[in-house]
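Listed next as structure tokens is one chain, alone, in the form predicted alone.
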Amino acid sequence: MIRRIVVAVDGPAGSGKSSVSKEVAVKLKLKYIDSGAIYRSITWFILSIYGEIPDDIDFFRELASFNLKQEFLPNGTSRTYVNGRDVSGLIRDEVIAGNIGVVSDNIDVRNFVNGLLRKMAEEESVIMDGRDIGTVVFPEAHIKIYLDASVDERARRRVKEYKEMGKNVDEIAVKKQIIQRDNEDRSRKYGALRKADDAVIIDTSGINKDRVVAIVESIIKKEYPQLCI
């Protein structure tokens, strides 16, 4: 009997993969792992040392003193700690977003993070999202989901998120940003966004989050009805 499973959820930015994965984790008592937060944490860590990302930085050497812990709470939220410090809020700063590209595109960083993710999945059943979880990090994942949505749909979602934060943004500008992000993610040298051949593809356009959560949950339950977690 399989006592732990790995559920990989990939998809483009704004497809709902993080929020859906968190809710599925709560419902099925899986551990949610926020891979994006790890890359953000490394970016924060380097910036906290140098104030910028040095052109000649040796990530392999710097990461020797980097220790990360991630907790997933019963209420569906997660906390990330770097060397004992809670950085959950700090890593959501715009400065992090502006510097994360050079960090996440580095092969030493990606290998380091992939190792962390695989180690996290050794002890219990997990669900994690990203852009290469089912293709690079866990090509042997038990369940692979690819969430997608039209550019227009994802732009509307982003505008709504900004409004909820009290920010007014131009939807056309957001749409252009999403298209640019898609092109960048699909052409990255390492960890490019692509669909795994054996992934279940779910187009979330026009479907509310609760329905998508129910679909993903049913896929997992169908494959592993007797799962011990």
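All residue numbers refer to positions in the sequence shown, first residue = 1. Predicted model only: the values in this text are computed from it and were never measured.
The same protein also exists as the form predicted together with a small molecule; that form is not shown, yet it is the one meant from here on.
Enquirer: Does the trio Arg92, Arg131 and Arg188 actually contact the small molecule in the model of the complex, every residue with a heavy atom within 4.5 Å?
Expert: Per the other structure, all of Arg92, Arg131 and Arg188 touch the small molecule.
Enquirer: Just one of Arg181, Lys29, Lys160, Lys69 has a heavy atom within 4.5 Å of the small molecule in the model of the complex. Which one?
Expert: It is Arg181.
Enquirer: Can you tell me if Trp44 lies within 4.5 angstroms of the small molecule in the model of the complex, counting non-hydrogen atoms only?
Expert: No, Trp44 stays farther than 4.5 Å from the small molecule in the model of the complex.
Enquirer: With heavy atoms only and a cut-off of 4.5 Å, decide whether Thr80 touches the small molecule in the model of the complex.
Expert: Heavy-atom contact with the small molecule at 4.5 Å: absent for Thr80.
Enquirer: How about Met120: is it within 4.5 Å of the small molecule in the model of the complex, going by heavy atoms?
Expert: So Met120 does not count as contacting the small molecule.
Enquirer: So in the model of the complex, does Ser104 come within 4.5 Å of the small molecule, heavy atom to heavy atom?
Expert: Ser104: contacts the small molecule in the model of the complex.
Enquirer: Spot the stretch among 36-44, 199-207, 58-66, 166-174 with residues whose non-hydrogen atoms come within 4.5 Å of the small molecule in the model of the complex.
Expert: Looking at the other structure, the answer is 36-44.
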